[in-house]
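Encoded as structure tokens, the following chain is the form predicted alone, with no partner shown.
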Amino acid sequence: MEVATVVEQNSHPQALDAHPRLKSMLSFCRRFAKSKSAVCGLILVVSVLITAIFAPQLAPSDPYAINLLKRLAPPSGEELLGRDDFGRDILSRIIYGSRVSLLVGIASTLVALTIGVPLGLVAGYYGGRLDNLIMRFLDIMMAFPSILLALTLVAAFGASMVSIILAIGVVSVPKYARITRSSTLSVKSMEYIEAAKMLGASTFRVLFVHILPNCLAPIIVYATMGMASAILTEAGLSFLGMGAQPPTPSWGGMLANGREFLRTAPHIATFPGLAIMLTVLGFNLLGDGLRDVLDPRLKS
């Protein structure tokens, strides 16, 4: 009996600790399910993710296969979205192009988060001259149009997937740094931060264990929308010939190829444009929904 009592006493605090977490998670799921924009955005994003993952199984033909006999063929029962100027199946190229767009969108966002979040934490936590130095440097970066700065970086390092990801990620750093800095400024003066310092917590622990978790909500929301912006930037670079190089399927590259045939074969540019629109719409709707769900003023 004594052993059972001791076990029950020892497990009780864990149960009390787990119960609020489970309750909070269930509350988040309920609020998320009530947000129509969040659900619609999630459906669109998951659909694109599934398309990219299972592209070999979903694509009806080889996206690189050339068939000049079917050049500029319109949509039909055999080719649902028609063929381009080289006779390649547009549906297959759109399906494989989702891999390029998602790879650039996700990877460039991770690059921006990896650089921008620590910069924002340090600037907001220390303040003073270090804050001014970091923020003024980021202001200089933001003075350039993002697409122009990305074009400059890609031209300097070459048009490859790695350089495109790094260029878009670096261009997005100031936005994530500013969001993190503003959240850090509001969090660092709270009582539990002062208590952690008085208990001897290191600066690294204060920044990444106590401050950063309480700044994640706006960062997550903006990162979701930032992926949409990164996909648009990649499409713009590909449209200008500085993105994924032919014959790699890219939605922006397909738009560039189709602009010459807008009168004779508008389907070449129409369907890649729709793919870009739906993907960007999905990420934006998901970001808007997460913003509403994670807003503490709406949790009640």
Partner chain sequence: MGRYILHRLALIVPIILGVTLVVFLILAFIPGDPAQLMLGEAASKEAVEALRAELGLDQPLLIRYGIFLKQLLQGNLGTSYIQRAPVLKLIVDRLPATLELTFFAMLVGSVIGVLAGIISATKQHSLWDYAAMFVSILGVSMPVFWLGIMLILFFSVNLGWLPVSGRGPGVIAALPAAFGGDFGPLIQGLRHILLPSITLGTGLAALIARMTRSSMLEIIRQDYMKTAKAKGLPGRLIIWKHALRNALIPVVTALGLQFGQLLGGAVLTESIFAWPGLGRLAVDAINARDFPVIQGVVLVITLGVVLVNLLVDLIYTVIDPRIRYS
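A quick note: this is a predicted structure, and the numbers were derived from the prediction, not measured. Numbering follows the first chain given and starts at 1.
FYI, the form predicted together with the partner chain isn't displayed, but the following is about it.
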{"property": "One stretch from 148 to 156, 202 to 210, 119 to 127, 81 to 89 that, in the predicted complex, holds residues within 4.5 Å of the partner chain by heavy atom", "result": "148 to 156"}
{"property": "L232, A235 and L262 all contacting the partner chain in the predicted complex, non-hydrogen atom within 4.5 Å", "result": "yes"}
{"property": "Listed residue that, although the partner chain is not shown, lies within 4.5 Å of it in the predicted complex (heavy atoms), from L255, L42, V48, A55", "result": "L255"}
{"property": "Listed residue (L110, L133, L72, I140) with a non-hydrogen atom within 4.5 angstroms of the partner chain in the predicted complex", "result": "I140"}
{"property": "Any non-hydrogen atom of F32 within 4.5 angstroms of the partner chain in the predicted complex", "result": "no"}
{"property": "Distance check, M242 to the partner chain in the predicted complex, heavy atom within 4.5 Å", "result": "yes"}
{"property": "Partner contact for A59 in the predicted complex: the partner chain, 4.5 angstroms, heavy atom", "result": "no"}
{"property": "Distance check, F144 to the partner chain in the predicted complex, heavy atom within 4.5 Å", "result": "yes"}
{"property": "Contact set, 256 to 276 vs the partner chain in the predicted complex - heavy atom within 4.5 angstroms", "result": "R259, L262, R263, P266, A269, T270, G273, L274, I276"}
